[in-house]
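First, one chain by itself in structure tokens, the form predicted alone.
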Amino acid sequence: MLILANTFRSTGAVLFFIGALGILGYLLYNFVIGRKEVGSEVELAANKKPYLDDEQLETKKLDMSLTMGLGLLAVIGLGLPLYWLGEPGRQSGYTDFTTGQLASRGETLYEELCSACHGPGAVGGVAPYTVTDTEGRFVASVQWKAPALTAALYRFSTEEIRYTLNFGRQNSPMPAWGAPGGGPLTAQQIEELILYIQEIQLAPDELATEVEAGIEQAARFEVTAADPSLEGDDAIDAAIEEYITSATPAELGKLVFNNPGSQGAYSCARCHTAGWSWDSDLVALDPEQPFGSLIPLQVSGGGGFGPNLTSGATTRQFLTAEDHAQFLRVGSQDGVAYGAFGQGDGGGQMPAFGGCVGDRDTTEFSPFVGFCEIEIDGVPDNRGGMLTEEQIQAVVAYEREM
């Protein structure tokens, strides 16, 4: 075996040596043959002729060549900087164009999938829904108030809206639309929906008008319930104005808390009062009947999607009215505890009422960044929140008396 191995190794070495000599010889032959043609291209090429000599070159031809070179340098030295000066505008224009195209696709998706509940243009609507008890047994078929989305980015960040679109809202008609929650839409389609929602957000003055109109609606309910004999628009309007003008902070807070405008988009009751979203008039079920748990009557702040605020819950959660007000201003954030002892787990479900938070989780390169930044009379400013400071303080007063 050793002899056989040596034979193969020796044969391979001989073949390698012969091959190396052949390649070396080929290269040497081509080098020697090639040297004879160096410098002979002009004589060998019949279509070539000697170029102009120095006396002929150093005339107008040289001046023309230098002028053309100077012109080219001017284009490079001045034209390129001018071109790059316009680059930010081109990038901005492309971003706006792309965003507009994606938002247009989002509008199409919205009209196909969302408008049946939230209404055309996302101004609010109703959604058919089946209410069940905690055992999953049928209770009632209702028309659920689906809120307007025209102020969604004032109170929720884009990440919070994305989460709701992906996973829906439990115990409500809002389904999971995104693939992470088992829905039919891709991540790209969810982004297109968010861009459309961004485009339809109300201006700050329009939003303030909508909130005030809702407060007047809530006041109308109060004055007509207190005095059913009121008749005529003028009499009712006068009673509403007097009621709002003379209302205590807590009374005003009740109106803001129960604001029915835009299907409850600006209210607290939509989440914190069970049955508010479908005008529940059910009575509690007889506990002796085998229908599962009781259906709660509408108790203002008694708890629903959001926690129960009655029986001093807010005063235990927030030791001072200012802490309470600050939470209403900024809402909750996912993973950030809140409350006197960190009772809240974050989650991002509690909206911000006192400041625009649409940009709260966007990055520098996000297409959503800059929503909260606006200009007022040419001066950079930030959008305010849905509620004024007076309205927030009124809600604090009302909730702390529950």
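So that there is no doubt, residue numbering starts at 1 and follows the sequence shown. Quantities reported herein were computed from a predicted structural model and do not represent experimental measurements.
One more form of this protein exists, namely the form predicted together with a small molecule; it is left out here, but the text below deals with it.
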{"item": "Partner-contacting position among S262, Q317, S280, Q201 - heavy atom within 4.5 Å of the small molecule in the predicted complex", "value": "Q317"}
{"item": "Region of this chain that lies against the small molecule in the predicted complex, out of 146-154, 242-250, 77-85, 212-220 [heavy atom, 4.5 Å]", "value": "146-154"}
{"item": "Site test, R105, L207 and V357 vs the small molecule in the predicted complex, non-hydrogen atom cutoff 4.5 Å", "value": "no"}
{"item": "The small molecule contact in the predicted complex: A238, any heavy atom under 4.5 Å", "value": "no"}
{"item": "Distance check, Q298 to the small molecule in the predicted complex, heavy atom within 4.5 Å", "value": "no"}
{"item": "S267, heavy atom within 4.5 angstroms of the small molecule in the predicted complex", "value": "yes"}
{"item": "Contact label in the predicted complex: S172 to the small molecule, heavy atom within 4.5 Å", "value": "yes"}
